[in-house]
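Form predicted alone, single chain, as C-alpha coordinates, below.
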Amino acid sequence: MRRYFGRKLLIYGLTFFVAVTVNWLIPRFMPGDPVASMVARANVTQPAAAEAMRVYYSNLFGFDQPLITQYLNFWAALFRGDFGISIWLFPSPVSSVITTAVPYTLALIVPSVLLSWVVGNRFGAYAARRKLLDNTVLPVGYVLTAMPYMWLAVLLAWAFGVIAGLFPVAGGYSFSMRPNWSWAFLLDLLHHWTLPFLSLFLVALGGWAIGMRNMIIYELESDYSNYLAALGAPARLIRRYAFRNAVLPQITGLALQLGVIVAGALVTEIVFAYPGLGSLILNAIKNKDFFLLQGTFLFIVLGVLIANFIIDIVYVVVDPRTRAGMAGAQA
(Lines give C-alpha, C1' and ligand atoms only; values in the text may rest on other atoms or scores of the structure.)
Protein backbone atom coordinates (compact mmCIF):
# COMPACT_ATOMS: atom_id res chain seq x y z
CA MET A 1 0.00 0.00 0.00
CA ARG A 2 2.89 2.34 0.80
CA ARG A 3 4.34 1.76 -2.69
CA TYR A 4 0.95 2.39 -4.32
CA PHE A 5 0.39 5.70 -2.55
CA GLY A 6 4.05 6.66 -3.01
CA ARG A 7 3.64 6.27 -6.77
CA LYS A 8 0.39 8.25 -6.66
CA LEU A 9 2.03 11.06 -4.68
CA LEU A 10 4.87 11.21 -7.21
CA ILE A 11 2.39 11.49 -10.09
CA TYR A 12 0.42 14.19 -8.27
CA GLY A 13 3.64 16.05 -7.44
CA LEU A 14 4.72 16.09 -11.11
CA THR A 15 1.21 17.15 -12.17
CA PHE A 16 1.31 19.98 -9.63
CA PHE A 17 4.70 21.18 -10.89
CA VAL A 18 3.63 21.19 -14.55
CA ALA A 19 0.22 22.76 -13.81
CA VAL A 20 1.71 25.54 -11.67
CA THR A 21 4.37 26.26 -14.31
CA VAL A 22 1.69 26.53 -16.99
CA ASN A 23 -0.35 28.75 -14.66
CA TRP A 24 2.67 31.03 -14.32
CA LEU A 25 3.20 31.14 -18.08
CA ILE A 26 -0.42 31.80 -19.12
CA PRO A 27 -0.70 35.39 -17.78
CA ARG A 28 2.62 36.28 -19.39
CA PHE A 29 1.30 35.27 -22.81
CA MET A 30 -1.63 37.65 -22.37
CA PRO A 31 -1.49 40.84 -24.45
CA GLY A 32 -1.08 44.13 -22.62
CA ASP A 33 1.10 45.58 -19.86
CA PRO A 34 -0.34 45.40 -16.31
CA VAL A 35 1.93 48.21 -15.05
CA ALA A 36 0.84 50.49 -17.91
CA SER A 37 -2.79 49.75 -16.98
CA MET A 38 -2.13 50.71 -13.34
CA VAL A 39 -0.49 53.97 -14.40
CA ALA A 40 -3.37 54.72 -16.77
CA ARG A 41 -5.93 54.09 -13.98
CA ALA A 42 -4.03 56.58 -11.78
CA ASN A 43 -4.77 59.23 -14.44
CA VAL A 44 -1.42 60.99 -13.95
CA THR A 45 -0.99 63.81 -16.48
CA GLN A 46 2.70 64.64 -15.94
CA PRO A 47 4.99 62.32 -18.01
CA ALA A 48 7.77 62.40 -15.39
CA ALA A 49 5.39 61.32 -12.62
CA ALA A 50 3.90 58.59 -14.85
CA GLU A 51 7.40 57.28 -15.64
CA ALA A 52 8.32 57.29 -11.92
CA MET A 53 5.16 55.30 -11.16
CA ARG A 54 5.94 52.83 -13.94
CA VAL A 55 9.47 52.25 -12.60
CA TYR A 56 8.17 51.91 -9.02
CA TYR A 57 5.45 49.34 -9.89
CA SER A 58 7.79 47.39 -12.23
CA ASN A 59 10.30 47.09 -9.39
CA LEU A 60 7.60 46.28 -6.82
CA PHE A 61 6.14 43.40 -8.88
CA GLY A 62 9.53 42.23 -10.14
CA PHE A 63 8.70 42.81 -13.82
CA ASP A 64 12.06 44.55 -14.34
CA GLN A 65 13.90 41.25 -13.79
CA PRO A 66 14.58 38.52 -16.38
CA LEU A 67 11.80 35.93 -16.84
CA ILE A 68 13.85 33.07 -15.37
CA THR A 69 14.50 35.16 -12.24
CA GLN A 70 10.78 35.96 -12.00
CA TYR A 71 10.00 32.26 -12.30
CA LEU A 72 12.44 31.25 -9.55
CA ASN A 73 11.20 34.08 -7.32
CA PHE A 74 7.65 32.84 -7.91
CA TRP A 75 8.48 29.35 -6.63
CA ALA A 76 10.42 30.76 -3.66
CA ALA A 77 7.47 32.98 -2.71
CA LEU A 78 5.06 30.07 -3.22
CA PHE A 79 6.92 27.93 -0.69
CA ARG A 80 6.67 30.84 1.77
CA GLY A 81 2.90 31.00 1.18
CA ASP A 82 3.20 34.39 -0.53
CA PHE A 83 0.95 34.70 -3.60
CA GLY A 84 1.91 38.31 -4.26
CA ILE A 85 -0.08 41.55 -4.36
CA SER A 86 -3.16 41.99 -6.50
CA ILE A 87 -2.72 44.48 -9.35
CA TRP A 88 -6.48 44.95 -9.73
CA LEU A 89 -7.13 45.50 -5.99
CA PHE A 90 -3.72 47.02 -5.15
CA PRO A 91 -2.37 46.81 -2.45
CA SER A 92 -4.50 43.88 -1.20
CA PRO A 93 -2.61 40.54 -0.95
CA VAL A 94 -3.81 37.90 -3.40
CA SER A 95 -4.29 35.42 -0.55
CA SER A 96 -6.84 37.67 1.21
CA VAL A 97 -8.71 38.35 -2.06
CA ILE A 98 -8.95 34.60 -2.79
CA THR A 99 -9.99 33.84 0.79
CA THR A 100 -13.09 36.01 0.41
CA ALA A 101 -14.11 34.21 -2.81
CA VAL A 102 -13.32 30.58 -1.93
CA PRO A 103 -16.35 30.00 0.40
CA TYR A 104 -18.76 30.97 -2.42
CA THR A 105 -17.10 28.58 -4.89
CA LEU A 106 -16.94 25.72 -2.39
CA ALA A 107 -20.59 26.32 -1.49
CA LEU A 108 -21.47 25.72 -5.15
CA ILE A 109 -19.09 22.90 -6.07
CA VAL A 110 -19.19 20.59 -3.03
CA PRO A 111 -23.01 20.19 -2.73
CA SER A 112 -23.55 20.02 -6.51
CA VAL A 113 -20.85 17.36 -7.01
CA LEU A 114 -21.81 15.17 -4.06
CA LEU A 115 -25.61 15.47 -4.40
CA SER A 116 -25.61 14.97 -8.18
CA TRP A 117 -23.39 11.89 -7.80
CA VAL A 118 -25.50 10.31 -5.03
CA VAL A 119 -28.92 11.20 -6.47
CA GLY A 120 -27.87 10.46 -10.07
CA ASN A 121 -26.57 6.99 -9.21
CA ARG A 122 -29.67 6.13 -7.19
CA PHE A 123 -31.97 7.42 -9.89
CA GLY A 124 -30.08 5.52 -12.61
CA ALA A 125 -30.27 2.31 -10.58
CA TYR A 126 -34.05 2.67 -10.24
CA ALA A 127 -34.45 3.54 -13.94
CA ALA A 128 -32.60 0.34 -14.92
CA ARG A 129 -35.29 -1.76 -13.19
CA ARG A 130 -38.42 0.22 -14.02
CA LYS A 131 -39.42 0.50 -17.69
CA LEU A 132 -41.83 3.37 -17.10
CA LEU A 133 -39.16 5.48 -15.41
CA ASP A 134 -36.57 4.46 -18.00
CA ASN A 135 -38.79 5.48 -20.94
CA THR A 136 -40.25 8.69 -19.55
CA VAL A 137 -37.94 10.47 -17.12
CA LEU A 138 -34.49 9.29 -18.12
CA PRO A 139 -34.63 10.88 -21.61
CA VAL A 140 -34.69 14.19 -19.76
CA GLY A 141 -31.30 13.18 -18.36
CA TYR A 142 -29.94 12.83 -21.89
CA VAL A 143 -31.09 16.36 -22.69
CA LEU A 144 -29.68 17.80 -19.47
CA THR A 145 -26.28 16.16 -19.74
CA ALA A 146 -25.92 17.35 -23.35
CA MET A 147 -26.35 20.97 -22.22
CA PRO A 148 -23.27 23.10 -21.49
CA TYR A 149 -23.28 24.45 -17.93
CA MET A 150 -23.34 28.02 -19.19
CA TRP A 151 -26.35 27.43 -21.45
CA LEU A 152 -28.47 25.88 -18.73
CA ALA A 153 -27.42 28.68 -16.37
CA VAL A 154 -28.68 31.28 -18.86
CA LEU A 155 -31.97 29.36 -19.36
CA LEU A 156 -32.58 29.11 -15.59
CA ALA A 157 -31.77 32.79 -15.09
CA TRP A 158 -34.15 33.73 -17.88
CA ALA A 159 -37.02 31.39 -16.81
CA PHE A 160 -36.92 31.68 -13.00
CA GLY A 161 -35.22 35.04 -12.64
CA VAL A 162 -36.36 37.30 -15.46
CA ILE A 163 -39.77 35.78 -16.43
CA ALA A 164 -41.02 34.28 -13.14
CA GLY A 165 -39.09 36.64 -10.86
CA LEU A 166 -38.63 33.92 -8.25
CA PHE A 167 -34.85 34.18 -7.86
CA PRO A 168 -32.21 36.89 -8.29
CA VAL A 169 -30.00 36.49 -11.34
CA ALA A 170 -26.84 38.22 -10.10
CA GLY A 171 -24.66 38.51 -7.00
CA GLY A 172 -24.05 36.43 -3.90
CA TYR A 173 -26.42 38.49 -1.72
CA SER A 174 -28.60 41.59 -1.96
CA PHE A 175 -26.87 44.94 -2.34
CA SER A 176 -28.91 46.29 0.57
CA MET A 177 -27.43 43.74 3.00
CA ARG A 178 -24.05 43.37 4.66
CA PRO A 179 -22.53 39.95 5.50
CA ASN A 180 -23.49 38.80 8.99
CA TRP A 181 -24.68 35.64 10.75
CA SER A 182 -28.37 36.60 10.90
CA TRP A 183 -31.08 34.30 9.52
CA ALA A 184 -32.18 37.06 7.15
CA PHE A 185 -28.72 37.20 5.55
CA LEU A 186 -28.38 33.39 5.38
CA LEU A 187 -31.77 33.11 3.66
CA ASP A 188 -30.72 35.83 1.24
CA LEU A 189 -27.50 33.90 0.51
CA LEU A 190 -29.55 30.75 -0.11
CA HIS A 191 -31.88 32.69 -2.41
CA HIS A 192 -28.95 33.86 -4.58
CA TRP A 193 -27.26 30.43 -4.42
CA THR A 194 -30.23 28.39 -5.72
CA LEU A 195 -30.03 29.02 -9.48
CA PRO A 196 -26.22 28.62 -9.82
CA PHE A 197 -26.46 25.40 -7.79
CA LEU A 198 -29.34 24.05 -9.90
CA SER A 199 -27.48 24.68 -13.17
CA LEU A 200 -24.50 22.61 -11.95
CA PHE A 201 -26.59 19.95 -10.22
CA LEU A 202 -28.95 19.23 -13.12
CA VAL A 203 -26.26 18.88 -15.80
CA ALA A 204 -24.16 16.54 -13.64
CA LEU A 205 -27.24 14.59 -12.47
CA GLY A 206 -28.17 13.46 -15.98
CA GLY A 207 -24.68 12.11 -16.69
CA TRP A 208 -24.45 10.09 -13.48
CA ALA A 209 -28.00 8.68 -13.93
CA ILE A 210 -27.34 7.53 -17.48
CA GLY A 211 -24.00 5.97 -16.56
CA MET A 212 -25.41 4.08 -13.59
CA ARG A 213 -28.47 2.90 -15.54
CA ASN A 214 -26.26 1.38 -18.25
CA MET A 215 -23.88 -0.19 -15.73
CA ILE A 216 -26.73 -1.76 -13.70
CA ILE A 217 -28.26 -3.32 -16.83
CA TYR A 218 -24.84 -4.76 -17.76
CA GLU A 219 -24.28 -6.14 -14.26
CA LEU A 220 -27.78 -7.67 -13.98
CA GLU A 221 -27.22 -9.53 -17.27
CA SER A 222 -23.73 -10.75 -16.38
CA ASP A 223 -22.85 -14.39 -15.64
CA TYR A 224 -22.58 -14.01 -11.87
CA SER A 225 -26.08 -12.46 -11.68
CA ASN A 226 -27.56 -15.28 -13.74
CA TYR A 227 -25.69 -17.82 -11.61
CA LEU A 228 -27.00 -16.28 -8.38
CA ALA A 229 -30.53 -16.24 -9.82
CA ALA A 230 -30.20 -19.93 -10.79
CA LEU A 231 -29.14 -20.72 -7.22
CA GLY A 232 -32.33 -19.07 -5.98
CA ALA A 233 -30.71 -15.96 -4.50
CA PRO A 234 -33.23 -13.21 -3.76
CA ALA A 235 -33.49 -10.46 -6.37
CA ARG A 236 -32.67 -7.87 -3.72
CA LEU A 237 -29.31 -9.55 -3.02
CA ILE A 238 -28.48 -9.71 -6.75
CA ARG A 239 -29.33 -6.01 -7.17
CA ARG A 240 -27.13 -5.15 -4.19
CA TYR A 241 -24.12 -6.92 -5.76
CA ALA A 242 -24.88 -5.32 -9.11
CA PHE A 243 -25.03 -1.84 -7.53
CA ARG A 244 -21.72 -2.34 -5.69
CA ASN A 245 -19.97 -3.41 -8.90
CA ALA A 246 -21.62 -0.69 -10.98
CA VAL A 247 -20.68 2.11 -8.59
CA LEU A 248 -16.90 1.50 -9.00
CA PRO A 249 -16.68 2.93 -12.56
CA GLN A 250 -18.79 5.84 -11.34
CA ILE A 251 -16.12 6.63 -8.71
CA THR A 252 -13.50 6.59 -11.47
CA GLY A 253 -15.78 8.81 -13.55
CA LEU A 254 -16.07 11.23 -10.66
CA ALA A 255 -12.29 11.62 -10.57
CA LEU A 256 -12.15 12.16 -14.33
CA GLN A 257 -15.06 14.63 -14.38
CA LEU A 258 -13.92 16.69 -11.41
CA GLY A 259 -11.93 19.16 -13.52
CA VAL A 260 -14.84 19.57 -15.95
CA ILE A 261 -17.26 20.22 -13.08
CA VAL A 262 -14.94 22.80 -11.53
CA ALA A 263 -14.59 24.55 -14.90
CA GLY A 264 -18.39 24.50 -15.25
CA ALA A 265 -18.75 26.07 -11.81
CA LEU A 266 -16.38 28.88 -12.74
CA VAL A 267 -18.34 29.65 -15.92
CA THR A 268 -21.63 29.49 -14.00
CA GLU A 269 -20.28 32.03 -11.49
CA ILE A 270 -19.54 34.40 -14.36
CA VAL A 271 -23.08 34.02 -15.77
CA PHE A 272 -24.66 34.82 -12.38
CA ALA A 273 -21.98 37.35 -11.35
CA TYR A 274 -21.52 35.10 -8.32
CA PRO A 275 -18.62 36.35 -6.15
CA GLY A 276 -16.50 33.21 -6.34
CA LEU A 277 -13.25 32.26 -8.05
CA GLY A 278 -14.84 32.38 -11.52
CA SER A 279 -15.68 36.06 -11.12
CA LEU A 280 -12.18 36.70 -9.75
CA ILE A 281 -10.61 35.06 -12.83
CA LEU A 282 -12.74 37.20 -15.15
CA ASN A 283 -11.75 40.41 -13.33
CA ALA A 284 -8.10 39.31 -13.21
CA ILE A 285 -8.09 38.81 -16.99
CA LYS A 286 -9.82 42.14 -17.64
CA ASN A 287 -7.35 43.99 -15.39
CA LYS A 288 -4.25 41.99 -16.45
CA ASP A 289 -3.74 40.96 -12.83
CA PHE A 290 -1.00 38.32 -13.22
CA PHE A 291 -0.76 37.48 -9.55
CA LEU A 292 -4.48 37.11 -8.91
CA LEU A 293 -4.77 34.89 -12.00
CA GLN A 294 -1.88 32.71 -10.79
CA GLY A 295 -3.36 32.49 -7.29
CA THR A 296 -6.85 31.47 -8.42
CA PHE A 297 -5.49 28.89 -10.89
CA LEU A 298 -3.19 27.54 -8.18
CA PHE A 299 -6.08 27.12 -5.77
CA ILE A 300 -8.15 25.33 -8.42
CA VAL A 301 -5.27 22.99 -9.31
CA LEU A 302 -4.68 22.19 -5.64
CA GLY A 303 -8.39 21.58 -5.07
CA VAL A 304 -8.73 19.21 -8.02
CA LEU A 305 -5.56 17.28 -7.11
CA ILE A 306 -6.58 16.89 -3.47
CA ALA A 307 -10.09 15.77 -4.47
CA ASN A 308 -8.63 13.22 -6.92
CA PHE A 309 -6.30 11.89 -4.24
CA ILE A 310 -9.23 11.48 -1.83
CA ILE A 311 -11.15 9.62 -4.56
CA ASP A 312 -8.11 7.34 -5.04
CA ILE A 313 -8.21 6.51 -1.33
CA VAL A 314 -11.97 5.88 -1.46
CA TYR A 315 -11.46 3.59 -4.47
CA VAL A 316 -8.96 1.48 -2.53
CA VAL A 317 -11.39 1.23 0.39
CA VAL A 318 -14.46 0.20 -1.65
CA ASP A 319 -12.79 -2.03 -4.27
CA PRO A 320 -11.42 -5.30 -2.85
CA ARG A 321 -9.72 -6.12 -6.18
CA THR A 322 -7.50 -3.04 -5.84
CA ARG A 323 -6.56 -4.04 -2.29
CA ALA A 324 -5.84 -7.60 -3.47
CA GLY A 325 -3.67 -6.25 -6.30
CA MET A 326 -1.74 -4.06 -3.86
CA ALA A 327 -1.22 -7.03 -1.52
CA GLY A 328 -0.02 -9.11 -4.50
CA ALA A 329 2.39 -6.38 -5.54
CA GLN A 330 3.82 -6.22 -2.04
CA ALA A 331 4.26 -10.01 -1.95
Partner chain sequence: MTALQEVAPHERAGVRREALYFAVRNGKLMFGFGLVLVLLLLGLIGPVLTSGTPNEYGPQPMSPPSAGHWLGTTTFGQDIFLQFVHGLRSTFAVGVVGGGIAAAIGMLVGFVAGYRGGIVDEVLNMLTNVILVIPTLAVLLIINAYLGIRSVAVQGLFIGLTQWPWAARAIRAQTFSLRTREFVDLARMSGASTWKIITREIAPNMSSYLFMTFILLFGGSILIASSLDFIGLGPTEGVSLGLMLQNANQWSALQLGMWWWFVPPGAAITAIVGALYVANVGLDEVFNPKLRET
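Note that the structure is a prediction, hence the values are computed from the model and not measured. Numbering follows the first chain given and starts at 1.
What follows is about the form predicted in complex with the partner chain, which we do not show.
Peer 1: Note which of 151, 75, 241, 160 lies within 4.5 Å of the partner chain in the predicted complex, where distance is taken over heavy atoms; exactly one does.
Peer 2: Checking each option against the partner chain in the predicted complex, the one that comes within 4.5 Å is 151.
Peer 1: May I ask whether 263, 281 and 285 each come within 4.5 Å of the partner chain in the predicted complex, counting any non-hydrogen atom?
Peer 2: Yes, all three are in contact.
Peer 1: Could you tell me if residue 18 has a non-hydrogen atom within 4.5 Å of the partner chain in the predicted complex?
Peer 2: So residue 18 counts as contacting the partner chain.
Peer 1: Against the partner chain in the predicted complex, would residue 304 count as a contact residue? Criterion: heavy atoms within 4.5 Å.
Peer 2: Residue 304 belongs to the contact set for the partner chain.
Peer 1: Even though the partner chain is not shown here, does residue 145 get within 4.5 Å of it in the predicted complex, heavy atoms only?
Peer 2: Output for residue 145 is yes: heavy atoms within 4.5 Å of the partner chain.
Peer 1: Would you please decide whether residue 14 lies within 4.5 angstroms of the partner chain in the predicted complex, comparing each non-hydrogen atom pair?
Peer 2: Within the cut-off, so yes.
Peer 1: Based on heavy atom distances of at most 4.5 Å to the partner chain in the predicted complex, which listed stretch, 184 to 192, 106 to 114, 122 to 130, 251 to 259, is the contact stretch?
Peer 2: Of the options, only 251 to 259 has residues within 4.5 Å of the partner.
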